[in-house]
Ligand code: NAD
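One chain comes next, on its own, written as structure tokens: the form predicted on its own.
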Amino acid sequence: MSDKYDVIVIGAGPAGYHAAIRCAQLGMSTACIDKSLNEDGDPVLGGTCLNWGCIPSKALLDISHKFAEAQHGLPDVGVKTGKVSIDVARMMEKKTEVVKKLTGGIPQLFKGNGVTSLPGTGKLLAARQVEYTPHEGKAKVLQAEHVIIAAGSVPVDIPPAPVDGKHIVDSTGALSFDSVPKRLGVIGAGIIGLELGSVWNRLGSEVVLLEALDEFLPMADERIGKDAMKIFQKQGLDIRLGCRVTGAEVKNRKVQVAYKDKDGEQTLEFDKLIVAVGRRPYTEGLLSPDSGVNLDERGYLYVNDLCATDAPNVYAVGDVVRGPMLAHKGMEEGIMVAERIAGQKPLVNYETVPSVIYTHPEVAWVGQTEQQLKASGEAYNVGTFPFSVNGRALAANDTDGMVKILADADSDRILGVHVLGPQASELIAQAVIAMEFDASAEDLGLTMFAHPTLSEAVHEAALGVAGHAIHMVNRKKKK
């Protein structure tokens, strides 16, 4: 192990390992420090996303969707399956197999690109020195020309519902139940709460989501949020808004939850309770007082638009800095910083960061919402198209939802795209590409889409912006 590197990266989640690999590709001597250990106590790369977040949750979402489809969807199209049951132990084994395959690939990528992997903790000192403490051994001070901090985030704890890891769990614990809870409570009806609630609802749990806000999915387009809530409620999710949890305790292996809503004090009893109220940046033990890196008022590492901190040649990327806590946002920041260190001048376009909720139907969006445009006073046009009249969606018996496109009233430039429906996570990429090239709704409308595809809903919504949709009656545009 060298004492000096061109770049030291602290954290090997999506933001960190992308940054480290790109730095090495650009010819810089690079080391990446990460403290994560797997369930066997062995060092593991990939951060929360690959180990305890994005990947394992998607594995459970896909498995549980297959189970629900076998129960309810297949008989509707003439496929008889007989009695269907879920093997929770095997489901968890499969989740683990997926995680190990992906996380096991990162060391090979590091090796192939010449990145030095350093299992243990890293602490930034003054003058770009990093105190590295291996899991077994003594601390050592390393020197870097540049430091990239990608320490990630952790679940938010709330005092009324202390996590015990057994009956009251955070999002990580909710991915490892050994049986299907009969009655499951979820505090928070945001992205994480909806995804986890959907998994266990599909497998047979009676799920109640308690959301403190009075509005459902306020970060999404209002119409999309309202339509999504109706669909999720029809699926069996009991979503209660305006509910502020005031206490939770375990009695006789049950979780007693107290909360306040518009009608006053309420209580509910659950077999398990998931606390899914968000995540916070992980900064514990990360910085020495003289590191030169400052925090903002929300506890994030302060950075400018280029992810540079207040300390010279020290950068921070991913969940530990401002902006949405999304793996792909961190990846792009990590690559941008690596390339800027190498003298290139890339930028991250924060106006085209897509967001996805991996329920079924999926919810995805990029750009501005209609409520944001109304608040700004910007003139815009709207085009929508429902999956209920899309040929591919009808053939697949998967017709819930719609595509909605917002475009500037004068230039026709696409300002926002919102999708509720099958494969929304894939369809939104078309919108991101279009917006990256400053496309107009007319540009999308003039583009040829294969038939029959779900993508045609995007095409029709784009045509609908100008009132030219073919497969639905267009609303007359106000003059």
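Residue numbers run from 1 along the displayed sequence. Note that the coordinates shown come from a computational prediction; the quantities given were computed from them, not determined experimentally.
Quick note: we don't show the form predicted in complex with nicotinamide-adenine-dinucleotide, though the next part is all about it.
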Going by heavy atom distances of 4.5 angstroms or less, which of 107, 204, 173, 278 would be at the interface with nicotinamide-adenine-dinucleotide in the predicted bound form? 278
Select from the listed residues 142, 212, 396, 342 the one whose heavy atoms reach within 4.5 Å of nicotinamide-adenine-dinucleotide in the predicted bound form. 212
Does any part of residue 358 reach within 4.5 Å of nicotinamide-adenine-dinucleotide in the predicted bound form? Heavy atoms only, please. yes
Closest heavy atom of residue 134 to nicotinamide-adenine-dinucleotide in the predicted bound form, within 4.5 Å or not? no
Applying a 4.5 Å heavy atom distance criterion, does residue 451 contact nicotinamide-adenine-dinucleotide in the predicted bound form? no
Close approach of residue 190 to nicotinamide-adenine-dinucleotide in the predicted bound form, 4.5 Å, heavy atom: yes
Please pick out the stretch from 396 to 404, 325 to 333, 93 to 101, 375 to 383 that is in contact with nicotinamide-adenine-dinucleotide in the predicted bound form, where contact means heavy atoms within 4.5 Å. 325 to 333
Is it the case in the predicted bound form that 58, 158 and 243 each bring at least one heavy atom within 4.5 Å of nicotinamide-adenine-dinucleotide? yes
